[in-house]
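Only one chain is included here, represented as structure tokens and corresponding to the form predicted on its own.
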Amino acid sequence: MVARLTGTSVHRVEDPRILTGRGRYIDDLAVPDTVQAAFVRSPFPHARVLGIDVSDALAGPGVVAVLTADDLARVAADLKPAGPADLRLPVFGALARDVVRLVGDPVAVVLAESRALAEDAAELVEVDYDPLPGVGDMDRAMEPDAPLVFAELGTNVVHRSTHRYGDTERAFDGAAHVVRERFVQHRHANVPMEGRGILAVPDPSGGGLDVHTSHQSPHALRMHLADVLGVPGHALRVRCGDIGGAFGQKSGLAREDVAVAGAALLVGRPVAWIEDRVENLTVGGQAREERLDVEAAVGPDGELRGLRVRMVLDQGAYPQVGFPTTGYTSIVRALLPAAYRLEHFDFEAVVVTTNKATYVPYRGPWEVETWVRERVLDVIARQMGVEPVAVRERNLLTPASFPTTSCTGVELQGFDPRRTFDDAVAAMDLPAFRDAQAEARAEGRLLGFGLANVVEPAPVPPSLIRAMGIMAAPRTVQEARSRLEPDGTVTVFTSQQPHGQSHETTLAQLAADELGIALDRVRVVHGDTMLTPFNLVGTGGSRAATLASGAVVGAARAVRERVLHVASELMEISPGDLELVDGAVVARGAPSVRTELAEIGRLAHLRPGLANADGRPGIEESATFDSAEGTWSVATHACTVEVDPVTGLVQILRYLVVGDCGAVINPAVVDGQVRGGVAQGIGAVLLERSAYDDDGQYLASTFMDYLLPTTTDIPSIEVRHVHHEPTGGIDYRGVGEGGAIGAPAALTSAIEDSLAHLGVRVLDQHLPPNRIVELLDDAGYELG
């Protein structure tokens, strides 16, 4: 008998394909007559383009065409990012025309018979630049005499807004303590294993395009491309196969997508572009560059009474099409109270533009709210001379608090933050650690303990969307289809676009259980706008666990009902006396009385009237699922570290995550998501940084300069699960982003704790060894 699959760590069905090199990535596709594209990119962060001479390049061997902005304008309109009325948005082309605004800005694209020939010819394109002053710093960008990234906007400050909740003045008037700090988060990159890529194949009948791409949201890309290229939506098909990671970077409309698709229309041949690593690090998109100035009003017992926060976000030069940067400041504002009591809160958001790469979503794009909030709580504890644990206990919402609504208007329910917090603190045995810490300090060793509480919208509740000020209908509905094939297998069509989340496995687990069949009897189809249900977001925002799962379960149940109806006719047994077991419909209590699912699938196609009163062939059903209230995952991260005072190296001694994500479909997949996110958070703190100089010149375009964590940098990560009040039904919640959100907060908390007796405060999230040594030097630390 087929054992229940949901809740068990079955092996991933994707692995035999992906781990043996049989995955289908963009560069694996071979379409006859394809030409390869290489971009001519600006070496300057800011310059006027006085002229472009393509004659030498055109004469190069194998060169098919060299296209500039004027050429592309024949088939592609300018890009017009959307956003709220108070966000200043420029209009720009896929290729720069008169001005380049960042290093790597594309000014031309060369098409040749091979990538090598295209790159050789790209070097022959003569671009006459007139360098302009650049601005690579958000403070400089806000000065009145700063160079303007977009002169037509008249300012580099493209957005400013204020929000007030409660009476913050009153909270500060009666405060026992006031904490003021500036917290800086550095810019870093998503770094998927596979860079971006696109293959655009013109429809030989004329007018249309078949686009193969590495993208998270094929339906959204299809809509954007159709709009910019003027191609009817029905004539444009987007297909995504295997994707080597994305982490948010492949979620919008890239200028290269437009240039390559437009080039294919112009030359009438398939055009491919595969991003190299330098391009990915330089212009693929970067994230997280934010600064928050915080004032906290604190009561005599450490209770947080009021906050004043000013957030400045550096969006880079070109805003991403599809994701207005005000969305990031809005979600930080709305989520900042999280699971803590806070009644009085002032928030100012400022977005500036600089000569840097485009700010893009990155796994948990609101992560800075957790980092800053947890940093503030640590600072309060240090200032009061109490344990950081005690300050959190004083401020965390209790089970009796729920359901509740935060001061920003976010409705919170279905979780208990004290459960994960208490479990994590107990597991780390803080008293024993403090004893060990004291002994170590006597020996000149630096040990630290840190923790952080994470509340992850998974998927985003409608109240959070409203709190962000977004008036559009919340995107909480998803659709799935299930089809019983004539051979008894089941095909599931989902709008999700997996890029490492194991959807082919987890969605198949759910469908197989509903239909009583083995895992290998289910096939999950994704990534094709012609086949899959419409979904504007695709995969992102930890939506799959609830929304896609709910839709798949609903569609599978609908198929099951139809199957039982057909079986009832064949077996002359009431549907209520039948069940699906081991790939067959059997009579309850008499398993030898059975009809194979394959027989029902075959008859449903050959005798349509048997399955459908209207004579339609086959059994195929669709279902939508709407998580009307949204759901939350919560977690507490805790870790201990030892800091080497000589080298500044940080060794993570222990890392624990206690989380509540509801029921778990596949424990190995969930734990893998958590561990992967934590690894990214560790890399963000200790290694990674997208560095620029003051003028916007990029300084980290290779892995020699942009440092990634390896397996030797990542400790064993313990993951424990708790489950608060199972709701039944679709009680699965996402965990895609919580690991990356909690790790920077917990790790920086531990590092500061290791140095706290020296008076060190950690206010910058980037803590490579040299920065640790600087902090020690600034504190006057002398080696014993």
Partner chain sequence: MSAEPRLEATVSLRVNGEDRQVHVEARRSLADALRDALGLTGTHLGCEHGVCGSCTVLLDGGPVRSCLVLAVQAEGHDVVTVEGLGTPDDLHPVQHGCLEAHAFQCGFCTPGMLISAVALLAENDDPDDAEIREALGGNLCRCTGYESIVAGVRRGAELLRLDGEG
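Numbering follows the first chain given and starts at 1. In this text, all values refer to a predicted model and were calculated from it rather than measured experimentally.
We do not show the form predicted together with the partner chain, though everything after this point is about it.
Residue 704 within 4.5 Å of the partner chain in the model of the complex, heavy atoms: It does: once the partner chain is placed as it appears in the model of the complex, residue 704 has a heavy atom within 4.5 Å of it.
The partner chain contact in the model of the complex: residue 766, any heavy atom under 4.5 Å: Residue-level check for residue 766: no, no contact with the partner chain.
Touches the partner chain in the model of the complex: residue 675 (any heavy atom, 4.5 Å): Within the cut-off, so yes.
Distance check, residue 714 to the partner chain in the model of the complex, heavy atom within 4.5 Å: Output for residue 714 is yes: heavy atoms within 4.5 Å of the partner chain.
Proximity to the partner chain in the model of the complex, single hit among 645, 244, 270, 322 (heavy atom within 4.5 Å): Contact with the partner chain in the model of the complex is made by 244 alone.
Listed residue (33, 53, 70, 28) with a non-hydrogen atom within 4.5 angstroms of the partner chain in the model of the complex: Of the listed residues, the single hit is 28.
Output flag, 120, 194 and 679 jointly within 4.5 Å of the partner chain in the model of the complex, heavy atom basis: All of them do, each having a heavy atom within 4.5 Å of the partner.
One stretch from 305 to 313, 371 to 379, 159 to 167, 663 to 671 that, in the model of the complex, holds residues within 4.5 Å of the partner chain by heavy atom: Within 4.5 Å of the partner lies stretch 663 to 671.
The partner chain in the model of the complex - contacting residues of 12 to 40, heavy atom within 4.5 Å: Counting only heavy atoms within 4.5 Å of the partner chain in the model of the complex, the contacting residues of 12 to 40 are 12, 15, 16, 18, 19, 20, 21, 22, 24, 25, 27, 28.
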